Structure formats: C-alpha cells, structure tokens
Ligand code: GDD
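First comes one chain, alone, set out as structure tokens in the form predicted on its own.
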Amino acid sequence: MKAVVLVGGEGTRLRPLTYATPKPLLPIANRPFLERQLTWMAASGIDEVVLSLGYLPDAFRAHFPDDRFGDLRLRYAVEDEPLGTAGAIRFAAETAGIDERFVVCNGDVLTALDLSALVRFHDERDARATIHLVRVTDPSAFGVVPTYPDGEVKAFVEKPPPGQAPTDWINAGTYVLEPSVLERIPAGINVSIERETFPRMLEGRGALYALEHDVYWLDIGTPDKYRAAHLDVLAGAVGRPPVADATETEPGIWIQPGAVIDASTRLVPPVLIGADSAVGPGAYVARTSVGAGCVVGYGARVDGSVLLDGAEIGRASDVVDCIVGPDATIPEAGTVRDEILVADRPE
C-alpha cells in the first residue's frame, strides 16, 4: 500500500530551528520525527511513501540518499508553489502514479493510531474517503467533525466558539483515500482538503466516513508542543524504548551509549541523555531530552527542556522550558526561560 506524507510546510512557528532544517527532520527524543512516522507507517503495511515537498526539498533527499528508509521506497513530489493540502495530495499522487487506495498523513502529527484499523474501517464501509478523528478537551481551536452512528460524516464545523461545538472529535490529519477523490481536486491550484474537498463530498451520501479512535495524538508544530512531544515519547506514548539504542537505567531514565554522567547528578524522569554527552557534578536534569555530544556543566539546572546535538549548558546555568538548538551555548550562570536558542541565525 502507498502513502502520501505532507511535509512541504515552512515550520514558521518553530523558527529559528526551521531556517535550515525542515520541521519533519527535527529530532524527537534524538530521532528525526519523519523517521518515526515512516517506521509507524511501515509497521502497518505501507511499502511506498511519496513525500510531498515544498520547503527545503534537498534536505530530504540528503537525509535519504538512497531514496529508501528500511524497506520503504521513497519518492518525491516537489511543488513549484504551494498547492494547499488537497492540491499537494493530487500532485503527489499523480507524480507517483498512484491509482489505488492510499493513505495520507500530515507531516507534523505524532500519533499511536492503529493505521491498519483505519484502513479496515474504510474498506468495511466501502468509503471513498475516511478521516481519523481524535477527541480533545477544547475543540474550539480545531475543525470538529460530527458523525452518524455508522461513522458517516454529518458536517464540518471549523473552530466553533467555546462551549458551542457539536462534538469534541476533531480531524486528526490521517486519511484513507480512493483514487476517485483525486478527480474532485482541481489540478494546479491551491485547494484545502479539510475546508473544500471533504465538505463538498457531503453533497451526496455514503462517500465520506470518519473513525473515532481516541489514541495518543499531538501536532508538534509549536515550541510548547515540540517540547511536549519529547516528554511524551520518553514516557512511552508511542512505544519503548524512546530511541533504539537507549537503556533504561532507572524508571524513566534513558541513557544512550557513551554518555558520561557524574554520580552527583540528579536526574528526574522522564530524561534521555544522548550518546557521548557529559553531565557534570551537581547538575540537575529534569523532564528533559539531551541530544548527542551535549555538555551540561557543573551545578547547572535544566528542566522541561530539549537540548539538540552539541548544545552546551554552562556551569551554574538555569535553563527552564527551553529548546537549545544544535551547537548553541548557554553561558556560565546564564538564566533562560521559555526560549528557542540557536547557535547561528541566517541573515
């Protein structure tokens, strides 16, 4: 079975991290997010993935130089200009010659969805398109999707006022589509599948269904959600271990090979210490993912943060709720809160 993954966005909410690295290639717990997504798809029988690209397409080709990821074949569809979600799906499917049922995934959603169950649900209802729905506490910031008892979609309600949503089940960004859906999408123009294509499918009955499957789900596109994704992965939200070569030395404490941790260091789970990183005497590291080759200095405190590869936290520094980019340095006795810090920012 084939899949299209929408990875063309610029990741503006995660700048400056995304100036040089596309959001899907940023790490989550020391593994590129897209690799996690591809592994998840392969486990459900996907054998070919078309990456729908727009922003920094060469970065994806460089990351997958053999056009493969494990047993997955990778293909690329590069847009000259943004086509919207529906336009991108049609362009990618036509570029790859998809002429059978296929899966579509947003490239910024981390989920424990049973993708095989979504496909079975689609087949059992002879649907033209099927949407995964997830339940949220406050649906007012999302598009909600009320359904009939058999799962057929009733309507789409975009960002209902607080307390007025007809349901708390939202579009979670994973779809199963028949090739006939592509005929509903005009070629070469910017079209939204969520706001245009799917709502127009409600003009008839029996074409569009949705599976309510309340599993772990997170859009990683903001700094807070990006940090939360690390902690969720470390806590086992999408399986264990959080990264293949990590060892759990104590409950919730994961260590990768080559890491050196002073005996006086206090680690408060969930924590991941990356390969060849060094954590100095008297340091305090809590609810934090530390990348490869990082340094946490003597007496430093790091809490609720993400340190990407090569980051250095100076001695006696206090770092809380931050994302410290690759090779960035927090100076001795520095205090930072709720920031994204990087070594270099392009002009």
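The first residue of the sequence shown is number 1, and the count goes up from there. All values reported here derive from a predicted model rather than from experimental measurement.
Although not depicted, the form predicted together with the named molecule is the subject of the following passage.
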The single option of Asn171, Ser277, Thr197, Thr130 touching the named molecule in the predicted complex, heavy atom within 4.5 Å: Asn171
Heavy atom within 4.5 Å of the named molecule in the predicted complex - residue from Thr265, Thr95, Thr167, Asn106: Asn106
Leu83: touches the named molecule in the predicted complex, heavy atom cutoff 4.5 angstroms: yes
Contact of Ser52 with the named molecule in the predicted complex (heavy atom, 4.5 Å): yes
Contact test in the predicted complex: Gly9 vs the named molecule, heavy atoms, 4.5 Å: yes
Ala88 within 4.5 Å of the named molecule in the predicted complex, heavy atoms: yes
Which of 119-127, 265-273, 249-257, 154-162 sits within 4.5 Å of the named molecule in the predicted complex, heavy atom basis: 154-162
Candidate spot Arg13, Glu79 and Asp219, all three touching the named molecule in the predicted complex (heavy atom, 4.5 Å): yes
Neighbours of the named molecule in the predicted complex among 60-78 [non-hydrogen atom within 4.5 angstroms]: none
